[in-house]
Structures are given as structure tokens and as C-alpha cells.
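Next up is one chain by itself, shown in C-alpha cells, the form predicted alone.
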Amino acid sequence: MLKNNVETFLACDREYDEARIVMFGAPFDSTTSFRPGTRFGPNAVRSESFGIETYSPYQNKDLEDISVMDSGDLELRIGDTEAVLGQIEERASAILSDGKLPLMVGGEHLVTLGAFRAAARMYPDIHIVHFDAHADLRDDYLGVKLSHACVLRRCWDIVGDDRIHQFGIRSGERAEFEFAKAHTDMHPFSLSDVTELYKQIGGTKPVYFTLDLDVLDPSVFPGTGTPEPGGVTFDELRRAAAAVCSSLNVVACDVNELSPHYDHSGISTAAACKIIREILLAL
């Protein structure tokens, strides 16, 4: 049974047995294609979460009233990407097997693949909802198939066509956008079509929700390794993420790609903390 971390995300200090949602950190950034630093994301959101309130006036809900456990960061085998994915898969699988919902904090976006493998094994009919600035649909990046630039392509290898729903995408190779037209449900540039997901997926099919925080505009969220101008506002992301988590059957979730040291003001980390709070409450 997992034990509580010494320092937890704000109010996420329930015991494992009573928790419905179990958080864990995946501090990994070894395949980052531009600026590294996301390995420091999980610890940053944990320590900086105490700068926000447990209560959300947006939802009229309070973290004090829900059962969430923060089990801390995995001690990952940096240097062996497949081993790292295996560790993440093992942790997510253990949480899912106990009837709980894993919420992973990255780390670079490749960490999604480990958790998604666990979720897809338990729920073969699973869909993915993906918020991001980047398509992440390359078959390889400089010859490497396990890269944060390829993570959704590797997830597609598992689920196939029409089960990956992508929003906010505004960057990628031409080939990625062509691949998306043929194989995924892509809604570029905005999150406005998220409200149509319930009609497409329904409220019972299992969903894996992966949120790359660089979907936010860099004016709002400069603390990331691959900033892309033209992104969404914090409020647009908050509303869309809450809609996904409250209307769909989300069985696993992750939030990734915060590189806190690129934003000395701390605004990016505060935004990440607040989005995680809203996701937890919506779930």
C-alpha cells in the first residue's frame, strides 16, 4: 500500500485506503527536444500549492472535502527511457487496480505513455482527450521513437483511429497534421469544441485526459520548455479542463510540461497549481 509523501499537494493528505484519487509525480525530462527542466515540475507544484486556497469559487468546492492522496514522486531510472515508462506504468496500474483514479504530474509529455499503457490495459475501449500546443504525432524524433514529440503517436499505436481527441494544437510538422486528418480527431488552435465531446464519447466510455500546460499562451505560462505563441488563456483552459473532468468518464489523468525555472516570477507554477486544483475538484 502506498504511503503519504512527507510534503503533499495542498490538502491532498488522505490515507491511501480512503483516497479516491491518488497523485504521483514523474520527474523525467530526458527526451526533451528543446529546453529541459520539467523534472522539477512535480516538486514545484507541490511546494508552491500552499500559495493558493483549497476552496474554488469557480466550482464552489473545497479540496478539504474530497479524498485525495499525494504519494510523492517516483524515483525514476534516468538514462533508461523504457525502464522509466515501466515504473510509471507499474504505479498507475497499482492505483487503477485498487479502483482509484491516478493523477500524474510530469515531467515531460512522454511520461503519459507509461500511465496510458496501464489505463488502456484495464480499459481496452479507452479514449484520449489531449490538450496541447503541439501535435506530438511524429513517428520518431531524430530517429528516436520514445520522445515527448512522439507520445501521442505511440498512444495511437495502442488505440488506433478515432479515439484520440486533440485540442489547442498550433504547432507540428506538416506530416503530423496530415496524419491527424486521417487518424485522430484534431481541433486546432482553440478549446472551444470541447463541449461537443460528450456527444461524441458519451458519459460512460473511459477517458484518459492528458494536459500539456504549454497549451496556454506563453504570456500566461512562460515556464515551459517549448513555448508557442497563440495559445489559450488561463480561464479558457480552466473551463475546458473542468468540462472534460465533470462530463466525461475520466479514469486517469496527467498534467505535464511545467519547467518552473524559466519563470522566476512563479506565475507559471501558480497557474499549474490552480489548474490541478480545478481538475481534482471537477473529478
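Quantities reported herein were computed from a predicted structural model and do not represent experimental measurements. Note that residue numbering begins at 1 and tracks the sequence as displayed.
The discussion below concerns the form predicted together with another copy of the chain, not included here.
Shown here without its partner, the chain carries Glu15, Glu53 and Val220, all of which come within 4.5 Å of another copy of the chain in the predicted bound form through at least one heavy atom. Residue contact check for Lys199: none of its heavy atoms lie within 4.5 Å of another copy of the chain in the predicted bound form. Though the partner is left out of this view, Ser93 does not reach within 4.5 Å of another copy of the chain in the predicted bound form, counting heavy atoms only. Residue contact with another copy of the chain in the predicted bound form: Arg138 places a heavy atom within 4.5 Å of it.
Of the heavy atoms in Ser33, some are within 4.5 Å of another copy of the chain in the predicted bound form. Comparing 200 to 208, 156 to 164, 139 to 147, 118 to 126 against another copy of the chain in the predicted bound form, the single stretch with non-hydrogen atoms within 4.5 angstroms of it is 139 to 147. Out of the listed residues Val255, Met69, Ala240, Val215, Met69 is the one that sits within 4.5 Å of another copy of the chain in the predicted bound form by at least one heavy atom.
Taking another copy of the chain as positioned in the predicted bound form, the residues of 64 to 103 that bring a heavy atom within 4.5 Å of it are, in sequence order, Asp65, Met69, Asp70, Ser71, Gly72, Asp73, Glu75, Leu76, Arg77, Ile78, Gly79, Asp80, Thr81, Arg91.
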